[in-house]
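What follows is a single chain, given as structure tokens, in the form predicted alone.
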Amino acid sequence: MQPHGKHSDYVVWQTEPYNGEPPAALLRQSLVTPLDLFYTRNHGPVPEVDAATYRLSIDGLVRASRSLSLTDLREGFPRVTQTTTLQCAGNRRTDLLAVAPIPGEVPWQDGAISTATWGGTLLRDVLAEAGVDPAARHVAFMGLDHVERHGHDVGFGGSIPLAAALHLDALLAFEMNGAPLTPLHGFPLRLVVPGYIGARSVKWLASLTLQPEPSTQYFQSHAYKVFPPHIGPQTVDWEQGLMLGELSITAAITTPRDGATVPVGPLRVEGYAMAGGSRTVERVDVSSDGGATWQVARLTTPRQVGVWVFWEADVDVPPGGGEIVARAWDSAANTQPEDIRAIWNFKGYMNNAWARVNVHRL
């Protein structure tokens, strides 16, 4: 068993801050991810929080500022349980690393995505109780963790549009898979935002602020941005770039793995797919000849907003082997780009190019 109770096969990329992911084949075994396999993305040390003295502050463009205890949240609002998938913006970064180096970033494979059944209070219920000013357009969040960048403690935070907070069932979660949150995953309270990059689901939540513009916090306005392929760390203008929010449609192949030797006969290919925002995964296409011909995979789990789907297909691999490819489509008819070079960026974010694995046939 790894530190923090993680699975013995868990891939630990950093110990401080602690960052790790499960092997994708283990991740694919259960729609709801067991705690010992749930991926971990931290930017600083895990804070120690006293639940008895903890308070969540709500301020900004509200009728009345509030300071809520855990008891206030548990007993003063309807309790909701919902299943939601979280995905790191850097998931599948290793494929981008094959195009060009991405220094200073965690080399995530395809396991920086996990699903839990979360218990808590809907964000919109708490905001309604505080009273939202009509001028508010965004909800900004700050965590209790201390994160140093460039010699300063910038903390960790971000924001989402108010419309997303009201309509995407964003949750103030105090439970994960039927148990209280663990310190590693945000105890005593975290945000869970369906369909958005994992960085917006702020852990160890300290405050909510209603405001007219997106957060200017470092990890919203600076770190989590995507730039064109020709921009690098030496030429970047941090005022430019796209501020990340909703996830892009993506699919990954979890079995077989790249480089595997497979037997003669039909081959079962398995994977997951995820859509962003309020969209759902509608179809996954699979090819066993590098994209020359395609077949439609079977979706083996329900299509739901904010939740991944599992898919499978039986394919015939050409003699000697070949390249297996997968691409997903969402409910807005968005699909994945074929050429990963077109979306390469020096931060290694939002890789949703076709999933590819090369196999050898016996």
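Computed from a predicted structure; not experimentally measured. One-based numbering along the sequence shown.
The following text describes the form predicted together with a small molecule, which does not appear among the structures shown.
Residues placing heavy atoms within 4.5 Å of the small molecule in the predicted complex fall in a single listed stretch, namely 39 to 47, out of 313 to 321, 296 to 304, 26 to 34, 39 to 47. Among 145, 246, 169, 270, the residue placing a heavy atom within 4.5 Å of the small molecule in the predicted complex is 145. For the residues 85, 201, 220, 288, the 4.5 Å heavy atom test against the small molecule in the predicted complex is passed only by 201. Taking the partner from elsewhere, residue 92 is found to have every heavy atom lying beyond 4.5 Å of the small molecule in the predicted complex. Using a 4.5 Å cutoff between non-hydrogen atoms, residue 225 does not count as a contact of the small molecule in the predicted complex. Contact between residue 185 and the small molecule in the predicted complex is found at the 4.5 Å heavy atom cutoff.
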